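Next up is one chain by itself, shown in C-alpha cells, the form predicted on its own.
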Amino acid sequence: MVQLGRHYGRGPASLAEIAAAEDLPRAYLEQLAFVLRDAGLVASTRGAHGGYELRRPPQDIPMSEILRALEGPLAPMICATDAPEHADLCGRTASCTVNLLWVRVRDAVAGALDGMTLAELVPPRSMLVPLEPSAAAPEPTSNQPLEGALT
C-alpha cells in the first residue's frame, strides 16, 4: 500500500515493480492485492500497462482500514473484538476480569491506527526513486504528507 501511495496519480503500478522495490515474492503480493481489491482499497487494470492503484488518495485511507482488510478485527484477544460476528465466541466475556484490559488495548491500537493515514507513510515524491527507472518523478503537489512522516 505504501508503494501504491508513492505511485498515486501516475496510473497503475505493476506487482512486478512493487515486488522488486520491496524485495517480496510476487505471488505473495498477488494474494494481498486480491484482498485489498475486494475491500475496495485498490483497483486493478488488466493489460500491458495494467496493475494496481489506490481507489482513493493516500490521505483519505486510514491505516486501520488497511489492517482490518488484511488482518481482520483489531483485537489482541477474540473476546475484545469489535466485529459483531465474533461477539459471542467467548461465553465468559461478561464475567471476565481481564476483558476490560483487552478492550482498552484494542481501543488504544484502533485509535492510533484511525489517527494515521497512508499518506503519513509516503514520503514526498521528491525524495523517492521512481518505481520505473525510465520514468521521471512528477513535481510535488499540495497532496504531500506532513514533513517528518515515517519513511
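Numbers follow the displayed sequence, beginning with 1. Bear in mind that the values here come from a model prediction, so they are computed numbers and not experimental data.
This next part talks about the form predicted together with the DNA, which is not shown.
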Inset, instruction - Please name which of the stretches 57 to 65, 96 to 104, 110 to 118, 26 to 34 has residues with heavy atoms lying within 4.5 Å of the DNA in the model of the complex. - result: 26 to 34
Legend entry - Close approach of residue 40 to the DNA in the model of the complex, 4.5 Å, heavy atom: no
Inset, instruction - Output the sequence-ordered list of residues from 33 to 66 with at least one heavy atom within 4.5 Å of the DNA in the model of the complex. - result: 34, 37, 44, 45, 46, 47, 48, 49, 50, 51, 52
